[in-house]
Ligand code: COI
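One chain comes next, on its own, written as structure tokens: the form predicted on its own.
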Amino acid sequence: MTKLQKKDINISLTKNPKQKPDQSNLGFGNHFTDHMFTMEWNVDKGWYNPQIVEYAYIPMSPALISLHYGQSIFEGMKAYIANGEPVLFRPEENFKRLNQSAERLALPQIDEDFALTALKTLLEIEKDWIPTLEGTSLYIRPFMFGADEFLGVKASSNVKFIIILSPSGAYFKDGLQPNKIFVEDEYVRAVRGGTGYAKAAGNYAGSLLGQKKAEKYGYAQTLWLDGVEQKYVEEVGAMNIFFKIDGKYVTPELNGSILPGITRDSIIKLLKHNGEVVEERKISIDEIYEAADNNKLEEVFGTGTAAVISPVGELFDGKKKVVINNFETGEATTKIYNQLTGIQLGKVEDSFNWVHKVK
């Protein structure tokens, strides 16, 4: 099958550009740019018809296979303005992970180099949509789904791949603020052998009831435990999680049910670069409680694309409550947040070559 190149992308620009939203009141996922990238796949033809077109609704059949059986995956990434230029942060890792998710959901592999080329081409057109206020960014959502019109459980013979863009505001309007986290011991998010490591749409649907339960108790997010013993910590909300215990950083090891976060990987590399000790291993909720009782639980934070770092100030499982660092954002959490966002924005030296210029 022919390898697609930038020259194969058909570009059709809108004749009715939108008015750009107020950067000081963007929120998250509320606004969308003028254009999107789309591409199709067929089991016989491979990938074809790459195009940049006006952002619009997607026509679909009521019998669309993905609506009924959930054959859908996505990614989340951001574009920033750094030193006056649009940049991306480790985008090749997102497309690599997209292919890992695609493999698990029986979707076709995408040419990662071409996907990045397509994204950069779209961003060249939409660069004026990248907000410039502190803490803002252009959120990027690539996604792929089965497109057969068929009521039967099978891998789709037709697939769509789309990239949409959304200017988004600062995750923390008042700076880094700790969150209260509810420890979930009734529902589970994923088990090994399932789709936990994939960025599959169904994973997030299955987490919503636990999230509603947490909110009912007045907590912002859910801390998910493992799906077998409900003993070992896995993720918090839609983020990976780190614990600073007695001077060391501990994060759950990737075991097949935990999403291999790109922010997680970046934080691990930065911490080790700073000379810190990082342990990727099983960690039980009882170990967390014991560390807290012995005054060794120093800081806790979640990591993910949207928030970068989200401090945790309290854990509660319905019986036991643990307050972390007097419900204040810790020095170590603040330091690693500033270091990573500084690299993304060109304020801190990028010794890892993580930042990609769009052009």
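Throughout, we count residues from 1 along the sequence that is shown. As the structure is a prediction and not an experimental result, all values here were calculated from the model.
Just so it is clear, the following notes concern the form predicted in complex with this ligand, a form of the same protein that is not shown.
Which one of F114, F150, Y289, Y171 is close to this ligand in the model of the complex, taking close to mean a heavy atom within 4.5 Å?
It is Y171 that has a heavy atom within 4.5 Å of the partner.
Within 4.5 Å, heavy atoms only, which of L67, A306, V323, A332 is in contact with this ligand in the model of the complex?
If I apply the 4.5 Å criterion carefully, the residue I get is A306.
Any chance all of F32, Y57 and F161 sit within 4.5 Å of this ligand in the model of the complex, going by non-hydrogen atoms?
No: no residue has a heavy atom within 4.5 Å of the partner.
F28 versus this ligand, in the model of the complex: is there a non-hydrogen atom within 4.5 Å?
F28 belongs to the contact set for this ligand.
Are any of the heavy atoms in Y217 no more than 4.5 Å from a heavy atom of this ligand in the model of the complex?
Y217: no, not in contact with this ligand in the model of the complex.
4.5 Å heavy atom contact, Y139 and this ligand in the model of the complex
Heavy-atom contact with this ligand at 4.5 Å: present for Y139.
Report yes if any heavy atom of F143 sits within 4.5 Å of a heavy atom of this ligand in the model of the complex; otherwise report no.
No, F143 stays farther than 4.5 Å from this ligand in the model of the complex.
Specify the contacting stretch among 281 to 289, 246 to 254, 68 to 76, 99 to 107, defined as having any heavy atom within 4.5 Å of this ligand in the model of the complex.
Residues of 68 to 76 come within 4.5 Å of the partner.
Pull the contact list for 235 to 252: residues with a heavy atom within 4.5 Å of this ligand in the model of the complex, in sequence order.
Heavy-atom contacts to this ligand in the model of the complex: only A238.
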